[in-house]
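This document contains two forms of one protein chain, each encoded as structure tokens and listed individually as structure 1 and structure 2.
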Structure 1
């Protein structure tokens, strides 16, 4: 039943996106099994600086991060929203366990299997780690920790996940996050910083073609799961970056005039030559933008951590008192 509901949602979202005047597909559907494998390739490629930058921050500034997280030494809970494979977070978790810090780590994800696999791996990789996986809505899971007597919470939202929201979605996410927290809690958020256009474009349009494959795999998934007849060779991936706004946007573009039929929707969609399908936005930030976000949503910045190239920032926030 769960699989059928998910498939129906995929169909509805695809219908809505391809029926719009400016066609789009939702980036949350990138991550089927094949898409997740391609994304692992993207994270390993030299052009994709984000993983290396955040890893560097954790490796070189873990003592300072731990000092802020401890905030006096009492037990605290780390709750990570969308933990993925936990690759970078393990650097901090291992250090905290080695320092005999009293804390519990709770990865939160909508996928039960993703949480189960991560928890099993962590128990093997970091003996002694107190870990408690949670599956469900981020904010419901965070809110469940607000009962009297629970320790202080630190919510992690790492990588550049915040950058995948548009402006309205970002404000909505942070306001909901604030409502899920208590006055003593903190938030640790990853922000990809504005930088030279060629650096951005290389990361999202690499020579090996991993990012192109990642985007085009969305059409492959629609073919497989919704019975579409997209000819993948008739589309190509293109990235655009606006240095003033900091928006990097991904598109699939039709090479020719064509029609695509989706059996599950019983509908045919027409594409003009050079017509774009919007697939993803990745917002890049400067310090002023980050400060404005915190102020607008009821937070204040405790401390910022930046890599040596100043490509990426992890920002620790607390609620305004």
Structure 2
């Protein structure tokens, strides 16, 4: 199996989501082998501005980022939660290695193939980098991180990973993360900023249909792993954005009234015409929201880095003293 999630957990979550009055599926199940590949296509699309913006921040501000990470020069461990293909992180890592900085890099991802490919690629691309890849659910791994500040840790949560949580999950994640850190540790988080609606909608409703494929692949995965009979052509993907809350949300929508049987659950689910299955949140932020989030969860902002269009922000935090 591609992800190290037990099949019964996938079955349980699918049962819960599809039995709910407002049907939903969890976005962490997007990333089977095919899903991780499609996500790489999404990152390469011109409409998906997030990758370019964060890449620009790292390329143009890597020196300042390094100087904050060094924080006096001691050895540090970089833990990247949900590292994916590490495309942008590599810009920072190779700069740090070129500067002969003493650090280790531990990418963590629920997708086994993502971690394996990343670690193999890094050995080739950045010789001399000390790397230790870990596969698993970062929620479950957070508890094992605290080693009383020795060595100092910097937790990276890049892209718009944090935006995929709803409000309660965001607080829960940051509070758990805080518990796993010591006073000299830091957190470096990517936040997609609020911007014109059509720029956001284009990024999640791309012409080539990669985002639609990414969402529909979740049904393909349920068919394969849980023995379901979803007819993929009878569903389509839609994105909605609410500019006041900053919430961009993805749905799969049933084109017709239909029934789907899932063998492993021994259950049939009915879908009305136009009924939605909620699949993913992509929260957009403003500076006030980011400051409130840090405050509420016991962090303080060390420094913010933005791209030239001010579409994206990487925010460096430490524990409130």
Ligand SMILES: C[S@@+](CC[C@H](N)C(=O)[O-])C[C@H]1O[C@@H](n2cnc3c(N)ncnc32)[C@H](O)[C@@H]1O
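By rigid core we mean the largest C-alpha set that fits within 1.5 Å across both forms. Residue numbers count along the first chain shown, from 1. Because the structure is predicted, anything quoted here is derived from the model rather than measured.
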>> Looking for the form predicted in complex with this ligand among these two structures; is it 1 or 2?
In response: 2
>> After core superposition, I'd like to know whether residue 209 moves between structure 1 and structure 2 (criterion: C-alpha shift of 2 angstroms or more).
In response: no
>> How about residue 138 - superposed on the rigid core, does its CA move between structure 1 and structure 2 by 2 Å or more?
In response: yes
